[in-house]
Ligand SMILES: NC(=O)C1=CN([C@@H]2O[C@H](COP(=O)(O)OP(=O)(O)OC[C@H]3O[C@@H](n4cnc5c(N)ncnc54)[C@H](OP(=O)(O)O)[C@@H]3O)[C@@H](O)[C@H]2O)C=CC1
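Just one chain follows, in the form predicted on its own, and it is written as structure tokens.
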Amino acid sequence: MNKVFVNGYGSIGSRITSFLKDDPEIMVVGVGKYSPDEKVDVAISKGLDVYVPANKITSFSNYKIAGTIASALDSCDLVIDAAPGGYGYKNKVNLYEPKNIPAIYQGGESIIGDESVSDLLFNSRVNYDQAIGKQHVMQGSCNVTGMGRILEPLRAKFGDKLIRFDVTLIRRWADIEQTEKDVVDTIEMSEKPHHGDDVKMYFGKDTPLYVRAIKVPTRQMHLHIMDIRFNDLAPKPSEIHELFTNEFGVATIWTAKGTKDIRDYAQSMGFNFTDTNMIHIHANMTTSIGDTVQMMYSDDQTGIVIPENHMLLQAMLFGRSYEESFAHTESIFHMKEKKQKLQERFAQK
């Protein structure tokens, strides 16, 4: 059995840990915590050992701590770094590389510049095989992951008929459980958003992708508005929808009035963390006008990257083929069942 340490226990780390505990091939060594808050007790109540940075150990004197993060690494085969943004590079240089431990990093880090954590930004639909045997890989953010799930099937089907993608990212302000973050009553513009450049790291720097981003006062998912331009008459909406019939992690829905409808349904069905872990194409909003297809899809924010982390772990730790990894991830996350339920609930009338 392989041992995995999850270094961070926030929105991403808590989700990853929950699913890894359901994986019979993985033993979770413990979790890393950077702030002495109520989530320490939550982790301990779930039977997890909690480890903290050596220079912060006195701050956790009121909690039953198992040791330092460095000590936890002595008995693990891979680290999933879900530490607060910016810690990833420091952890790589100071902890993981000296101990020669492979590590997965999250979207708050960078793959360019002096503090790059990896030369590979992972998207299972695009570059799974490139992650096999790698020591350090960055998992793309939720928005970057979502764009990959939509763009790759389009590229595979239409190839050089595609001439341009224009995407507006309408981002949620905070995750559902991040109650410490105020949802501010404003629409905030993002100057030079990183998401387009990140997608080009796995699609190619010359990809005709143009991204703008705004943040709106909601906790209920992201929404992407995408215009897809063709070199001739654009395909019908039904042709676009057909592409995603069997796509992993993409549900095509018709009657959801908004993102909260989807979240409420996920909660009523008992989905873990109320996550769907997928993209939802709002099919009633897809239109074809001349050379352009306009579509909208909502992105399950933090939840969408969790099965991606699981796929990436299998590539790095076990060297599995995509097909083997996909089957094992499906056995843990039950994505096909979730997709079917969502499509039935929000079916075309």
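Residue positions are given as counts along the sequence shown, with the first one as 1. Bear in mind that the values here come from a model prediction, so they are computed numbers and not experimental data.
Omitted here: the form predicted together with the ligand. The next part is about that form.
(request) Classify Ser141 as contacting or not contacting the ligand in the model of the complex by the rule of any non-hydrogen atom within 4.5 angstroms, answering yes or no. (result) Yes.
(message) Whether Thr207 contacts the ligand in the model of the complex should be assessed with a 4.5 Å heavy atom distance threshold; does it?
(response) So Thr207 does not count as contacting the ligand.
(request) Indicate whether His280 is a 4.5 Å heavy atom neighbour of the ligand in the model of the complex. (result) His280: no contact with the ligand in the model of the complex.
(message) Within 4.5 Å, heavy atoms only: does Tyr87 come near the ligand in the model of the complex?
(response) Yes, Tyr87 is a contact residue.
(request) Check each of Glu247, Asp175, Glu152, Asp275 and return the one that places a heavy atom within 4.5 angstroms of the ligand in the model of the complex. (result) In short, Asp175.
(message) Please pick out the stretch from 128 to 136, 102 to 110, 115 to 123, 248 to 256 that is in contact with the ligand in the model of the complex, where contact means heavy atoms within 4.5 Å.
(response) One stretch meets the cut-off, namely 102 to 110.
(message) For the stretch 29 to 65, I need every residue with any heavy atom inside 4.5 Å of the ligand in the model of the complex, listed N to C.
(response) Heavy-atom contacts to the ligand in the model of the complex: Lys33, Tyr34, Ser35, Asp37.
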